[in-house]
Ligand code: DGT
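In the block that follows, a single chain appears as structure tokens, in the form predicted alone.
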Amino acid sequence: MPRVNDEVAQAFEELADLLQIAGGDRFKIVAYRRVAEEVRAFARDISTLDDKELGALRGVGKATSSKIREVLKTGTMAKLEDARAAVPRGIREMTALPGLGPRTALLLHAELGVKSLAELDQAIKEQRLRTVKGLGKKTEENLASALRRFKGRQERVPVDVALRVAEDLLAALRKSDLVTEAAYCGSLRRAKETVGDLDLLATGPDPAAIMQLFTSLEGVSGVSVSGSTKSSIRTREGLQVDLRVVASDEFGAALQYFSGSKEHNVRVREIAVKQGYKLSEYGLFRVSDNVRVAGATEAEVYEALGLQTPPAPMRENRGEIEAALKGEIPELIQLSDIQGDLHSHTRYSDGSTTVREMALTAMGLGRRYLAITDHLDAWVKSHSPDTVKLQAEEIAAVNEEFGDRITVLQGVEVDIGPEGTLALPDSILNRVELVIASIHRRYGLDAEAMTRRVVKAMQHPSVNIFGHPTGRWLGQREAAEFDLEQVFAAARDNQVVMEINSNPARLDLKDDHIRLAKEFGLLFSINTDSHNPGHLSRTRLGVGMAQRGWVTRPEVINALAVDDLRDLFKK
């Protein structure tokens, strides 16, 4: 997504947030959010559009076109500045806390004078919230818990944000003749869900010149450290980025060292010591004569120690060293293995665009098939079962237009009720090729009730995939409590596939749950859960999580060709 689109979308989102806090017109709030979503999902740089093209975007009329032009020209808009002036900055900051809506934020401001997260924290410590009518002790405890999680989340950024920043910076460095080689490392290279500081490595003949280039790149908001071989900057996203320039014959050793994890590196160094070597970011040295025997590449370092090279996402000291010593590192699933996406939404439910537009984008990403899995239960209730037929006809038309370039499948994502029943009748579930069963509400059931709920849903013969299984929402909602072993056993017995959801806010299943699911012999589907075309590129985030869980290509159903996939579902 072009950066300018993101900046325009953020302006409209902030405007909608401020109007909601101030009790503004509900229809305008919804309209501004739709504009933000449309702009964020648009593939082209929005500043290149003429007035006719801009007006053709969904939800963009003459007034909003004018506001978009204003943001493109000035970086803000008059209406946004007026809204900022009307709502204290801290109030909006408070509403970013999960569970604290605009009404409660304004109530706390009016009753207790609280106007920032820091003041909220202090009020909670002094147990003053429970004195406010309508809140009470339970609300105070819930907000205290949410605040603790929020503080931890603020110290790290989502993997997709870190990845975008890293790739932008690396692309800028690689354009220069000064840089011979460059890469990112750390937790981002290990495909963790969130990233703290971002670590980059580079090689080149003139380290000082590379540092000067780095600290002056577009997107740098501040320079913390500026040295001859290491510099630290702060980006506009608030991410600290450290760049180290190393010699070319040290690059592999440095990449291994700074990729981590700490626990993995400790084990590798122990092996080196036992074999008469010392290992550091500068290379692998023989202790007897201090001669460097490896360092230019990671593979060279691991091979000198008698180890296979574990892919970076595996390096968490969870058995990969033992596997590497035995030559048993599995061949992990790769992004290039993914043939299709089995979870996406269109305007038939809460998606932003048409079947054709989703298919066109998926095709451009090299996908051979795409499943449209709208929440048709809402449509059937508010419209009629004929909606399923209308969508099927639209899908058939798209398939006829695109021929063998991509196949669009009609599926459905159906909600699992509190008792384990599905929200659609069999007469509809039997008409689609793919059924994803997911939980979207009532996450607070106790573990026994939640387990019973999920197991019952899996016993329904139409269910193919369990969508975003634990329901976690990073930094906002913990994973649901249920007996994973019982759930995975039920999935095995009923041939239900586990989803690895690539939404960066979910990344669900997570790595250790994936490892457990593998023990039950389960298969996986790495899906984007896309609600607009821009989401379809998220697949690599799910692949990274799958790699952290040691998933191989034969364990991923959407690495199959479409005919083989259909045969699998028929069985």
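All residue numbers are counted from 1 along the displayed sequence. Quick caveat, the model's predicted, so the values are computed rather than measured.
FYI, the form predicted in complex with ligand DGT isn't displayed, but the following is about it.
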Would Lys175 count as touching ligand DGT in the predicted bound form under a 4.5 Å heavy atom rule?
-> no
Though only this chain appears here, would Gly196 touch ligand DGT in the predicted bound form if you measure heavy atom gaps against 4.5 Å?
-> yes
Does at least one non-hydrogen atom of Lys262 fall within 4.5 angstroms of ligand DGT in the predicted bound form?
-> yes
Hey, in the predicted bound form, does Tyr443 get a heavy atom within 4.5 angstroms of ligand DGT?
-> no
Answer range among 349-357, 252-260, 410-418, 475-483 for contact with ligand DGT, defined in the predicted bound form as heavy atoms within 4.5 Å | 252-260
In the predicted bound form, do His460, Arg492 and Asn494 all put a heavy atom within 4.5 Å of ligand DGT?
-> no
In the predicted bound form, the residue from His468, His375, Arg367, Arg190 that sits within 4.5 Å of ligand DGT by heavy atoms = Arg190
Scan Lys79, Arg292, Arg128, Arg269 and let me know which has any heavy atom within 4.5 Å of ligand DGT in the predicted bound form.
-> Arg269
